[in-house]
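The chain below stands alone and is given as structure tokens, in the form predicted on its own.
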């Protein structure tokens, strides 16, 4: 798509590889590691992220939707893709047609895959252990095991679960340890099969270094499913892991205008100038991922100075007060100058997406994935030159 406005995200693939290196160091050898590239790789570009990690040795990749897997296949992506989000009979046909690996959570899904399989198919089975979202009940483990003993074409490779409070995984009294104990019990029903178990998302992975050696977290070599940490963030309150955020979201001051004291800005006239002011109009809005909750409360960085968002965020634009920027820098004209929404500052330093998350009562996952498809991604770093070849 051609671009005619200067609003974009920079995706630093060298930072991605830095974070991936942290994951692989924690994983060691012979552990299942499945980077999650669902939701367009958390807003970073699924094909580019997956291709970059594939070059670095990743063998498995996780998506939620069949559609996400199809898009990767149609872009020429060959590595193993796990579909975690469920499917119906038609979905089962597509999973097999495009050689994806189903993560099965219900008896119906199991039978859909069985009915479509005319050759051996690898499958993973999900169990519910406390999240109460997807998965077979723990009481069904023996019955599921017996099913696979009789199945001709379904080849069980792994069992898994999803941690509800992964940032507590280092604590023996936490919910994660309780869930992992249940999964270990479930796994015991599958001793006749050569399987592994995976459960650790970013919070669980980052908890490994804090957990005692006696913890169930370390007793089993649980498979990894890193998501957020690949993109440079971690659950709130966890000890810093030295990750490097991958996305920087930028725009420009499209128009600078003078407004007199008493003038209002944007829909609803919710902001009124207390003095003669200079405002900047930024060509990005809630259709691009600028949360409407940032109206009259968020900030951006212009010339190294914080500039408050004023008035209601519009679909395609938002406005900022440039008055303090001008006073602090001595520079009068900011039209066409860079605006940093979050990410790396040109002069050094960093503005975290967590700041927007805190201001909107949200989480970094939502901030990153909300950067819409209208916003072009510009890929940076030596790693990008490798995947282009």
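Residue numbers count along the first chain shown, from 1. Predicted model, so just to flag it, every value in this text is computed and none were measured.
Beyond the structure shown, there is the form predicted in complex with a small molecule, which is absent from this document and is the topic of what follows.
In the predicted bound form, no residue of the candidate spot (256, 280 and 322) has a heavy atom lying within 4.5 Å of the small molecule.
Partner contact region in the predicted bound form: 221 to 229, out of 284 to 292, 167 to 175, 221 to 229, 184 to 192, criterion any non-hydrogen atom within 4.5 Å of the small molecule. When the small molecule is considered in the predicted bound form, only one residue from 46, 36, 340, 52 comes within 4.5 Å through any heavy atom, namely 36. Contact with the small molecule in the predicted bound form, defined as a heavy atom within 4.5 Å, holds for exactly one of 356, 42, 334, 61, namely 42. The small molecule in the predicted bound form is not approached by residue 112, whose heavy atoms all lie more than 4.5 angstroms from it. Proximity of residue 133 to the small molecule in the predicted bound form falls within the 4.5 Å heavy atom cutoff. Proximity of residue 201 to the small molecule in the predicted bound form falls within the 4.5 Å heavy atom cutoff. Using a 4.5 angstroms threshold between heavy atoms, residue 84 counts as touching the small molecule in the predicted bound form.
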